[in-house]
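Okay, here we've got a single chain as structure tokens, the form predicted alone, with questions on binding and movement later.
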């Protein structure tokens, strides 16, 4: 099987080495040195250039190297008529859950206030509620969102989820669609976004959402920067509607040094590190996908381009 590997990360060599270690029979070609494009069976990619698939008339599968496919769908306006799969790595989901747990603990236990007091050498204790009294709302209940919910519940938090479609087997209360959003937000003290980025979810974290949350709430965005309307967040922080935010993703990355998000005392910035893809663990998932393709078996985690996930 002939595979093209393309990634915007500086990790192509590591990916190729791991693929060949776990599947020595593969022929892995690094973009752009791919030889005859008509020979390619599979493309493994992340935020590809628009011409990546030119001439690949025998392509059988596009496997994205991340949990989201928005980079592919936005950058390549006309895709080959082949299956598209996203990467669902349980290890990555666990890393995302760890990030969301840390953010929840940080706000619940008021560590954000203690960080500000540190610079002033100020000794002042702050009361905090017990976990069952903290309403945590998780937007998104896919592979990542489900893991976030499970981990937070293990720590006793009062967790609910908001999704586009019903999840009758979910282990927490689920609020669905536009009709369920107001009630979901009203009970959410800490809002965690792990939604896929689609036309429907772009700019979803806006003034309308913040105004429906309890005063003094918190925002955690570990999904995509385009989910957040930054001026609305800054306004909500200034008025006290929100008390703090922890942001891992941004519409422009790296986050420009001129951004006010760096300097706002109530915002904690991390450099898109919540769930970094690990080539070692992710390759095991990808190799299983390739073996399924070879055997003619159903493929895993296929994407509906019309829905965006």
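Note that this is a predicted model, so its numbers are computed, not measured. Numbering follows the first chain given and starts at 1.
The discussion below concerns the form predicted in complex with a further copy of the same chain, not included here.
Enquirer: Please check if residue 238 has a heavy atom lying within 4.5 Å of any heavy atom of a further copy of the same chain in the predicted complex.
Expert: Residue-level check for residue 238: no, no contact with a further copy of the same chain.
Enquirer: Does a further copy of the same chain come within 4.5 Å of any heavy atom of residue 276 in the predicted complex?
Expert: Yes, residue 276 lies within 4.5 Å of a further copy of the same chain in the predicted complex.
Enquirer: Is residue 169 close enough to a further copy of the same chain in the predicted complex to count, meaning some heavy atom within 4.5 Å?
Expert: Judged by the heavy-atom cut-off of 4.5 Å, residue 169 is well away from a further copy of the same chain in the predicted complex.
Enquirer: Give a yes or no for residue 211: in the predicted complex, does one of its heavy atoms lie within 4.5 Å of a heavy atom belonging to a further copy of the same chain?
Expert: Residue 211 lies outside the contact set for a further copy of the same chain.
Enquirer: Which residue, 74, 215, 207, 126, has a heavy atom that falls within 4.5 Å of a further copy of the same chain in the predicted complex?
Expert: Selected option: 126.
Enquirer: Let me know the one among 164, 187, 95, 232 whose heavy atoms come within 4.5 Å of a further copy of the same chain in the predicted complex, would you?
Expert: Only one listed residue qualifies here, and that residue is 95.
Enquirer: Going by heavy atoms within 4.5 Å, which of 188 to 196, 129 to 137, 172 to 180, 76 to 84 lines up against a further copy of the same chain in the predicted complex?
Expert: Contact-bearing stretch, as computed: 129 to 137.
Enquirer: If the criterion is a non-hydrogen atom within 4.5 angstroms, does every one of 106, 122 and 250 touch a further copy of the same chain in the predicted complex?
Expert: Each of the three qualifies.
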